[in-house]
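Only one chain is shown below, in structure tokens, and it's the form predicted alone.
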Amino acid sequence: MRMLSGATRSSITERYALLAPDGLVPSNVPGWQNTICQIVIAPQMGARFTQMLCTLDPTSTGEGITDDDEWFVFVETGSISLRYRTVADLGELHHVTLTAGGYAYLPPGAFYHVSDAHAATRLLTFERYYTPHESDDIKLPDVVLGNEADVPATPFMGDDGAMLKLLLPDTPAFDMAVNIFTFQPGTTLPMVETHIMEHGLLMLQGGGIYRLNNDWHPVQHGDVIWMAAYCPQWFVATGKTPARYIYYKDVNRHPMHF
């Protein structure tokens, strides 16, 4: 039965966007075969990065070259084989299997190839232009491989109801961060944050209420949020289970150089 009301939880504004999963539309993305790709955040929206959701099966493949960009992939469900090569590898091709919770960061100048996915595998990717550090002594970041299950969580601003995991090193070479927040029911961000970093976010579990600019939105598993620089933002976890989300932000660079 077709929807007659036109109702949706999705909302697109100049300062933020909330995209509910029931309204996402696939795109044909060069390099990805037999893959359902949904480009959920992009420069056309006003963002300075691209965020994509990819649903794969055993016939799916994906490959690309980062050129001047950097690329981060997170396995939400399922598993993949990732082959990659960087400019420092002198032609050597590396291979790693990433299972649920696994992730990889590739710096500029890298080649990657994704294959051998399990059925119903879903990936989250972030891609953006890499901004070199002002100091010539700070070289390109290294490849980062890991699984979020192995990353220690720390209380955010002393609140053990809000546990934060940093998936990438917090060092000057990196101009992006990817973190996972877990909120116990009833836990909130300690303030309405207003800052220069922009965010791309995916709800991994549970739900809550997100303040975005001057609006309050119910959010749940599968929702995507873009927050522009200086968009006021606040979150409270609701329901009976913890709420978890993974998010991107830009870091470690002078604002005149982004």
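We number the residues from 1 along the sequence you see. Remember, it's a predicted structure, so these values are computed and weren't measured experimentally.
Below, we refer to the form predicted together with a small molecule, which is not included among the displayed structures.
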Which of 55-63, 214-222, 41-49, 193-201 lines the interface with the small molecule in the predicted complex (heavy atom within 4.5 Å): 193-201
What is the one choice in Y84, F181, F72, F174 with a heavy atom within 4.5 Å of the small molecule in the predicted complex? F181
Only one of R15, R9, K249, R244 gets a heavy atom within 4.5 Å of the small molecule in the predicted complex. Which one? K249
Please tell me whether the candidate spot formed by W32, L106 and Y129 is one where all three residues come within 4.5 Å of the small molecule in the predicted complex (heavy atoms). no
Any chance L189 has a heavy atom within 4.5 Å of the small molecule in the predicted complex? yes
Does any heavy atom of F111 come within 4.5 Å of a heavy atom of the small molecule in the predicted complex? no
